[in-house]
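The chain that follows stands alone, in the form predicted on its own, written as structure tokens.
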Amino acid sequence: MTERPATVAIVTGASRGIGLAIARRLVDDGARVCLTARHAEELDAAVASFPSGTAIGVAGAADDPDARTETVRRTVSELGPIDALVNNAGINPVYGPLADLDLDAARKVFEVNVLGTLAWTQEVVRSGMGERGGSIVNLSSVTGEVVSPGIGWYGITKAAVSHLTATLAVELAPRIRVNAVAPAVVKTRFARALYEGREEEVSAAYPLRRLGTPEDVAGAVAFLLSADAAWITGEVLTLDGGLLRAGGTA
């Protein structure tokens, strides 16, 4: 009996937080993973923590076309044809009402969160996934579903990611499945301004009475990439401990 080759995946924004947890879960499930992120030193440290032969790292910004091309090239060369892509990279350097939003900053957030997601998808499709088939999971957010004061523009870009997911799912079917996860507040460095120093107060709005962890998101992503989700595409899976059902916002 021929052994099935390991799944090969790319995870963007994977040097820490949710992206790193996703990469770890995929490796634990038997995959080989390329982690990519902006900062080489932090990325190298993350890759070094994986078992030998299971992970590589390629440093570069998610919105850099050359970095995307090099990441895909090295992944195919060193790990094999790409079966899965997790578009996790995202930024949110602005806070406050939209009336005061710096438009240059807004363009940058859109470039990374929305166009970056599309561009990575285009890159892996061109690499052969379009012919071989595969699965893509995008990181959206509950802020794309409800108004979240102070982080409105981030939410708008994530709403775009959710709609992008649905559109790609239809366009890339039947060879490629495309889904998304939409977390509420997850305990990461990226989100700490939303809960640091008042975690108990913030958690009280969640029916499950706790914030999310990177591992909560990683488990959902692993499921959507797996054969167990073979008849699921175009879905946005909300991961929020019941927050939206209880009328809350992130």
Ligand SMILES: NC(=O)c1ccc[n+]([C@@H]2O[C@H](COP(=O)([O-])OP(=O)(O)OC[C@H]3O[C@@H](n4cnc5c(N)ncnc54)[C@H](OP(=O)(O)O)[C@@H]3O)[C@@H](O)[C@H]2O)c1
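Keep in mind that this is a model prediction, so the values were computed, not measured. All residue numbers are counted from 1 along the displayed sequence.
There is another form of the same protein, the form predicted in complex with the named molecule; it is not shown, and what comes next is about it.
Participant: Does each of A37, D63 and N88 have at least one heavy atom within 4.5 Å of the named molecule in the model of the complex?
Facilitator: Yes, because A37, D63 and N88 each have a heavy atom that approaches the named molecule to within 4.5 Å in the model of the complex.
Participant: May I ask you to state whether W153 is within 4.5 Å of the named molecule in the model of the complex, using heavy atom distances?
Facilitator: Heavy-atom contact with the named molecule at 4.5 Å: absent for W153.
Participant: L225 versus the named molecule, in the model of the complex: is there a non-hydrogen atom within 4.5 Å?
Facilitator: Answer no; every heavy atom of L225 is more than 4.5 Å from the named molecule in the model of the complex.
Participant: With a cut-off of 4.5 Å between heavy atoms, is I82 one of the residues that contacts the named molecule in the model of the complex?
Facilitator: So I82 does not count as contacting the named molecule.
Participant: Using a 4.5 angstroms cut-off on non-hydrogen atoms, would G17 count as touching the named molecule in the model of the complex?
Facilitator: So G17 counts as contacting the named molecule.
Participant: If you check V185, L26, A220, A55 against the named molecule in the model of the complex, which one has a heavy atom within 4.5 Å?
Facilitator: By the 4.5 Å heavy-atom cutoff, the listed residue in contact is V185.
Participant: Report the stretch among 96-104, 124-132, 176-184, 74-82 that approaches the named molecule in the model of the complex to within 4.5 Å, counting heavy atoms only.
Facilitator: Stretch 176-184 is the one.
Participant: So which residues in 124-146, when you check the named molecule in the model of the complex, have a heavy atom no farther than 4.5 Å from it?
Facilitator: L139, S140, S141, in sequence order.
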